[in-house]
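Okay, so here's just one chain, in structure tokens, the form predicted alone.
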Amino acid sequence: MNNNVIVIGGGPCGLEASAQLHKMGYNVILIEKDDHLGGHLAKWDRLFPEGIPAKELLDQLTGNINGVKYFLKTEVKSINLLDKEYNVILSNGITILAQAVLMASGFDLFPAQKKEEYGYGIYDHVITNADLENYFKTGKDCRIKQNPQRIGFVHCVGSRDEKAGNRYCSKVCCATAVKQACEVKEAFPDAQVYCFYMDLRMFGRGYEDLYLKAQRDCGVRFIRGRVSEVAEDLNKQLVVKAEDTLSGKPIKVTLDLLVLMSGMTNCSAGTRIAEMLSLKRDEDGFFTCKDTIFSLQESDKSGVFYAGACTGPKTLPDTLHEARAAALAINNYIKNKE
């Protein structure tokens, strides 16, 4: 019996699971479709709630996979079960027989251009949370004025939205918005910052303190209500219309920059592999676990396991915990086969 385990996805989840499986003595083959490891984490600047540099965590995760074989710019061309092993053919021409497969394919950001009323891709100064984070990391984005005076954030873009077909909460958007609102105040101290939200879901330890900091120290104005329309005036400024549901009054704000908090959807690359294996998906597009309490890391196919955001929106700590749990579940599965 071979000792191979294939991990699909080289983000934080795949990296941590690979490191744990390697420590257990397995020959781990990590498959990543992009030209770098780290997934979305590699594009992030700082992490909530403490503002830890994302690079510090990524360096730690990549430093832990010494001995793990990984392929970049590689995809799964075909995968099928042969007797009790999975035969996996990769786009680089390599074929691998594996005892188990871990889906750690992560998530895609909801395409903000689908919400046309917000103007992403239409107006010059509408960006997403990912765009803003990239600006914090690189200091470059031609859509951000040199010294914006009025900046707005729109929560729940593509999440908790029947029209978008996504009723679920993406779990991290509220905390990310509050973190980024504080950071734009650091970058532009004279700016007035607005957050348009449905309700704030600041559930984690330290998250509420971040919210209080945004109000008390940064002067961020939180407006409970959905944005109904975004337009552009003759001066290329954004005109945002919304309703303050606490006061019951409509409001109109002119902004220099609008940031859309795009939520999570299941990764399209992971979905393609799932179709090869006929893995079940829920109505929201995420993969279906064997059960939602006791067997979160198991799929409905023997030898195929899940970890991280492929089964639904997760925070980074949740993702790392699931990676470790999946490694343990795979180890138990293989040991029980012997």
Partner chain sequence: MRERIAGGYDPFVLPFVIGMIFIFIYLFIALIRVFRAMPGSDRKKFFLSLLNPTIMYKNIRDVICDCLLHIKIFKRNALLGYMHASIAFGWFMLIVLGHIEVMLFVPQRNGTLHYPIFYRYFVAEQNATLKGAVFFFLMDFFLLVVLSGIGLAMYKRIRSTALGMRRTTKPCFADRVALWCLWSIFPLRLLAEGFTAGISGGSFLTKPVNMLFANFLGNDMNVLPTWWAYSTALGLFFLALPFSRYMHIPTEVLYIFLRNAGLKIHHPRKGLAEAEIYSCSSCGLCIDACPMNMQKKNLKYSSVYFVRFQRRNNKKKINEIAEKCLMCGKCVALCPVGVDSCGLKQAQRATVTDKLPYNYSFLASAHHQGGGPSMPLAPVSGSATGNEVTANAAAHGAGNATGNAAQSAVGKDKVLYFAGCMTHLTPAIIKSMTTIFDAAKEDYVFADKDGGVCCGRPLMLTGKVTAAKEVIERNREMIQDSGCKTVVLSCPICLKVLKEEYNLKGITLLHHTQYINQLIDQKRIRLNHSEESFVYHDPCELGRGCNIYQEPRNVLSAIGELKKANKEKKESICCGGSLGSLTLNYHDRVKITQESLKALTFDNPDKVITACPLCLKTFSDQSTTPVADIAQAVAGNLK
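Residue numbers count along the first chain shown, from 1. Keep in mind it's a predicted model, so treat the numbers as computed, not measured.
The same protein also has a form predicted together with its partner chain, omitted here; what follows describes it.
Among residues of the shown chain, T254 is one whose heavy atoms approach its partner chain to within 4.5 Å in the predicted complex. In the predicted complex, its partner chain lies within 4.5 Å of some heavy atom of E162. Contact check for E229: a heavy atom falls within 4.5 Å of its partner chain in the predicted complex. In the predicted complex, its partner chain lies farther than 4.5 Å from every heavy atom of G158. Only one segment in the set 180-188, 138-146, 99-107, 244-252 has residues whose heavy atoms sit within 4.5 Å of its partner chain in the predicted complex; it is 244-252. A single residue from the set Y168, F71, Y123, F222 has any heavy atom within 4.5 angstroms of its partner chain in the predicted complex; that residue is Y123. For the residues K213, K114, R201, K77, the 4.5 Å heavy atom test against its partner chain in the predicted complex is passed only by K114.
Against its partner chain in the predicted complex, the set G119, R150 and E283 is in full contact: each member has a heavy atom within 4.5 Å.
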